[in-house]
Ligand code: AMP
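The chain below stands alone and is given as structure tokens, in the form predicted alone.
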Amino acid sequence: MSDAILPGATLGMLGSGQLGRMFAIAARRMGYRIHVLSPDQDSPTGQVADREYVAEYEDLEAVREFAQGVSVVSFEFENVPASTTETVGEIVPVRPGGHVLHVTQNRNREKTTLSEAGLPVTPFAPVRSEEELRVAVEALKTPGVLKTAGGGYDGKGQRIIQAASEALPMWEDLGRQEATYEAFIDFQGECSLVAARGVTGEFVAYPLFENEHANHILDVTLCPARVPQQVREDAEQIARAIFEILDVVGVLCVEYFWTQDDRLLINELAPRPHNSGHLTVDAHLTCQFEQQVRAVCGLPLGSVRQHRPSAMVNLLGDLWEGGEPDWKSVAAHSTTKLHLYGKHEARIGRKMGHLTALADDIESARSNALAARETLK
């Protein structure tokens, strides 16, 4: 504990969206100050931070000034340039480290690292040329999914290949950039596990989350997941191995496909708190954002005990199409909690907030969350 960064210190956040905002709220509640750096002004994180640096991540002079004013830096999205984390790392610790970002910023690098460690990943092949694309499709067959190796999220940068003849046109549609071709998985569900690891190697994992997507965007998360006990245990064991292999200090989410024969395949990693973990704010003794604060500051990790079964539903910009949503009506749902992110512009598919419902059983939590969202319309 002698090297712990204690309350009263200033923490740095790279990235200024909703994940940084909720990190800042958790940190301020614990007595820390927050500085944030991103290209955006009056951002969701900046609105609750003590100081908002508005600069491009490649502006290394601004990055140095930012780093000199904090005791440790974390991040809320994985596409921070390597030069940025290297510059910060010369001044204060970056947690998780730049080496974790290096692996997770590229799907081919990520899947190769995990596969070589003997962990179960979706069958894949790298695509950097027409020949590699042809070989990948021939080996893994169709249907399959072609994904850009970097930068994609919420279904962006992905194309489903139904026939071999579609592969080249789809790759050209993605700009012929480096990609990953993955075999199509016949899964019965998608799950995620959020966990944290401290500077001493202490590890805690939240219960497995069950996820439902709409238009490639997370729509509903349930906790605990409705899966066999062995699947839950496998998810935690795999996640623990990933944290050790990558030497993660901080929070990381493992996204899984749950197959028809009750196996788990790693879909991808997010080296930060995750959308599916938002329900921990209301449903668990220690939320994923407080856990991130504890981990990066070298404090003991908190309990992940769950109060009651819970469900989270995302609020996308689509809800604003008919005007401002009916906040008074949703407030009438007494067991449902509203979280809005402070974004200025509502756009189709943009995550503007979420609702979390608590109940005596998971089915009731799910139906209550969905009913509450319907009232917003």
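Position 1 is the first residue in the sequence shown; the rest follow in order. Because the structure is a prediction, the values reported are computed rather than measured.
What follows is about the form predicted together with the named molecule, which we do not show.
Heavy atoms of no residue among S329, T356 and A369 are located within 4.5 Å of the named molecule in the model of the complex. Note on the partner interface in the model of the complex: the residue among A139, I185, L285, A241 having a heavy atom within 4.5 angstroms of the named molecule is I185.
Among the residues V227, L301, V121, V145, the one placing a heavy atom within 4.5 Å of the named molecule in the model of the complex is V145.
Of the candidate stretches 193-201, 275-283, 252-260, 127-135, only 252-260 has residues whose heavy atoms lie within 4.5 Å of the named molecule in the model of the complex. In the model of the complex, R107 approaches the named molecule with a heavy atom inside 4.5 Å. Contact between N267 and the named molecule in the model of the complex is found at the 4.5 Å heavy atom cutoff. At a distance threshold of 4.5 angstroms between non-hydrogen atoms, T87 is out of contact with the named molecule in the model of the complex. Residue contact check for T113: none of its heavy atoms lie within 4.5 Å of the named molecule in the model of the complex.
For the stretch 211-230, the set of residues having any non-hydrogen atom within 4.5 angstroms of the named molecule in the model of the complex comprises H213, H216, in sequence order.
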